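Quick heads-up: it's one chain on its own, the form predicted alone, in structure tokens.
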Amino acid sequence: MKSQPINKKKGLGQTRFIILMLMPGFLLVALFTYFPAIKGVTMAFQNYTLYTMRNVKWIGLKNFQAIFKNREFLMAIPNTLRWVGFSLFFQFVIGFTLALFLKAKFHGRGLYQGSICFPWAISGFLIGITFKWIYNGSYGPLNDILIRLGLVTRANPVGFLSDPKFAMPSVIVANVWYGIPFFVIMIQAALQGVSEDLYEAADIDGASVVQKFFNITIPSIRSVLILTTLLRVIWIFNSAELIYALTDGNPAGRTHTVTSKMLNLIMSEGDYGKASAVGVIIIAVMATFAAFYIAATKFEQEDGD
């Protein structure tokens, strides 16, 4: 008769202990994730700048109106589409190709794999500084190679980061190099899980390499491809450290993306209200994209149900 109250007290004590142990984690997440997010949304509707911190007022949608009248922000919208589209395409294609090569066993495979994945271990800002040196018109190795080949003269080097025609493609090239290892790592791991029996059966049936690729490889790793593509789109869209390190949006705002423009509003103009408005727009766009992407690819039915 007394065992039930004892068990209830014991269960209640365990529940309290679990809650007590989880509380520090909840508090840290709330303090460093949810509070800044809520604060950022509220700042989007305030005249919150570096010079009005003691006189903050609610101004409604004026920050959003000002953002959509800003010339650099309007240029950043198509720039962002090019930044995400070209970066994702080349990262995916090159990463998939390298992952297929790494699936085969050959001498020096570990060294080859390590050299490919090395960029993923480096800071994006550091990669930006490195490519800024490579692209430099005065002492950069890329221009030096072009001069030695006779394609340009030393008096008129290619302005990879100063010429509006080359600035955005140059930044995209750096981002492609930076993001390839992510697809290599994820796709290679997925390929290891594809049963060799399927390929052997296909060989017996006389299937070609292309048929095996589209009928076995792709369907077997489709869920990984969907997830990695979704994550990479979000990361590329939100990534601004490369642009900040390479060009800071120059020349004349031609290399700004929506995210780098947000950083520019904070670092150069000190306008936290407008920057927060851009942040709210980014969250809305990414949430909408993720919802439509998952719905369009039918992620929950990727096994062919």
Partner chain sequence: MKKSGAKHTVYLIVKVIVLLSFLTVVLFPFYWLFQTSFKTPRDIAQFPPTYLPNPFVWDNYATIFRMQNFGRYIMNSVSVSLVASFMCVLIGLLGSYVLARFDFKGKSKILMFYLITQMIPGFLGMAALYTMISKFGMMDKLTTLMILYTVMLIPYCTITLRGFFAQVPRALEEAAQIDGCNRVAALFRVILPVILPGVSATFMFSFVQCWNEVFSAIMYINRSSSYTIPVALNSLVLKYDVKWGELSAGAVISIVPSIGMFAFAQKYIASGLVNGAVKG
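Numbering follows the first chain given and starts at 1. Throughout, rigid core stands for the largest set of C-alpha atoms superposing within 1.5 Å between the two forms. In this text the structure is predicted, and so the values were computed from the model without any measurement.
Below, we refer to the form predicted together with its partner chain, which is not included among the displayed structures.
Only one of 86, 166, 214, 177 comes within 4.5 Å of its partner chain in the predicted bound form through a heavy atom, and that residue is 177. Looking at residue 61, you'd find every heavy atom of it more than 4.5 angstroms from its partner chain in the predicted bound form. The closest heavy atom approach of residue 205 to its partner chain in the predicted bound form falls outside 4.5 Å. A residue is said to contact a partner when one of its heavy atoms sits within 4.5 Å of a partner heavy atom; residue 96 fails this definition for its partner chain in the predicted bound form, lying far away.
Its partner chain in the predicted bound form comes within 4.5 Å of a heavy atom belonging to residue 262. Using a 4.5 Å cut-off on any heavy atom, the residues of 185-211 that reach its partner chain in the predicted bound form are, in sequence order, 185, 186, 189, 203. Annotation: Cα of residue 154 displaced by at least 2 Å between this form and the one not shown, core superposition.
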